[in-house]
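Here we start with a single chain on its own, the form predicted alone, put down as structure tokens.
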Amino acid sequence: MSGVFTEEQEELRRYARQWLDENAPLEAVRKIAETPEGFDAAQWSELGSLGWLGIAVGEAYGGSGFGFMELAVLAEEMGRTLYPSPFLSTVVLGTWLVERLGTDDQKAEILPAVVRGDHRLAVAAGRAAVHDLVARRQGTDWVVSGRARFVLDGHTAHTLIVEAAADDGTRLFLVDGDAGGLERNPLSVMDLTRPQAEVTATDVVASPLGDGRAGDAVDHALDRAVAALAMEQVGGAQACLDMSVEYAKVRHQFGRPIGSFQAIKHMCADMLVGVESARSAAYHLASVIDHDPEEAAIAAPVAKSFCSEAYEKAAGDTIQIHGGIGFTWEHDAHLYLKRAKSSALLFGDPRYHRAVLASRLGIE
């Protein structure tokens, strides 16, 4: 969609693509994803020096003060290369909640450290995790108990933002990753490029995020996360299309490129239609997420449901086009299929988001 991104944003895209191609080719992604942490700490610090971690954080806290569109550019390029990092959990979800809800002291302590690459966040709130956490007063402190599962980067975050049920309603809390009574264990997941954890709390001392009242902030934060994820899905689906077309040009059967066979042509053409349609949905959501909350509320479930299905189909067809080699561990196609499946389920599957769309439109 021409005209969606400015020339400056396209320049950011070109630089991000160059950096990722040089520093995180798929052979490097495999190695990073297999580490216990699931990301490269040195590269994370470098992203801080590049300004990526604070790109949407206010200048008062050391960030660049840009909007969601710049985040969207980075998310799409990271999705293209399956780059494993806590970008979604920390930069898209965590910093937005802290900046919108935190006290001045909390923002001054957390946000500059995130921007520098010295601090990482994880979120167990709303659909960002499956959680059953409760909070109660213990003297002058709050303590949190219970369990949260499928917490993105929950085992490596310095601070967790958790949603817990209190006597007077649901509240948001900050929990130190090294707090006493807190256990964090990485889960065995299908997609190693997106690590998740189980977090168990037993009377863990917690601090309310701001006054603890989130209001609609969690829903808005998750719409932002859905928008970033949709951009990732577009990047991944485009990589599948590129991989398939290139292979169809060079793989020969019966003395001719397989791309000349009608069945392969149709698969590639269908993939192109799906990718471009997904791009339209994701780009539209990215363009309204900061400026038109009512439109974003409708565009988010549309983009998530459509981009999830388009990416899964593109990844599956990529394996089919590659034939026998596409099913092997050595080939990269299965990495995209696993990311496509995990992304489709993250923050709610397509069926869930179609139900959300119906509810927001008032359709029963």
Partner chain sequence: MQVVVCVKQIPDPSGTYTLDPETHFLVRPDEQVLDDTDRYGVEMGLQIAQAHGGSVTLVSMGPKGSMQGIRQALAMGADRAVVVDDADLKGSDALTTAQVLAAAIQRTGFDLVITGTESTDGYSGVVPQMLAELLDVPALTYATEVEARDGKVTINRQTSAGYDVVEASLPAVVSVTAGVVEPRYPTFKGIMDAKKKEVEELTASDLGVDTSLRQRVTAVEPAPEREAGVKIEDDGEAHLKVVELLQQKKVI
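Positions refer to the first chain, counted from 1. Keep in mind that what you see is a predicted model, and the values were worked out from it rather than measured.
Form predicted together with its partner chain: not shown, discussed below.
Contact with its partner chain in the predicted complex, defined as any heavy atom within 4.5 Å, is confined among 328-336, 315-323, 47-55, 291-299 to 47-55. Mapping the unseen interface onto this chain, residue 9 counts among the residues with a heavy atom inside 4.5 Å of its partner chain in the predicted complex. Interface residue remark: residue 70 is counted as part of the site for its partner chain in the predicted complex, having a heavy atom within 4.5 Å. Using a 4.5 Å cutoff between non-hydrogen atoms, residue 59 counts as a contact of its partner chain in the predicted complex. Its partner chain in the predicted complex is not approached by residue 351, whose heavy atoms all lie more than 4.5 angstroms from it. Of the residues in 18-37, those that come within 4.5 Å of its partner chain in the predicted complex through at least one heavy atom are, in sequence order, 18, 19, 22, 23.
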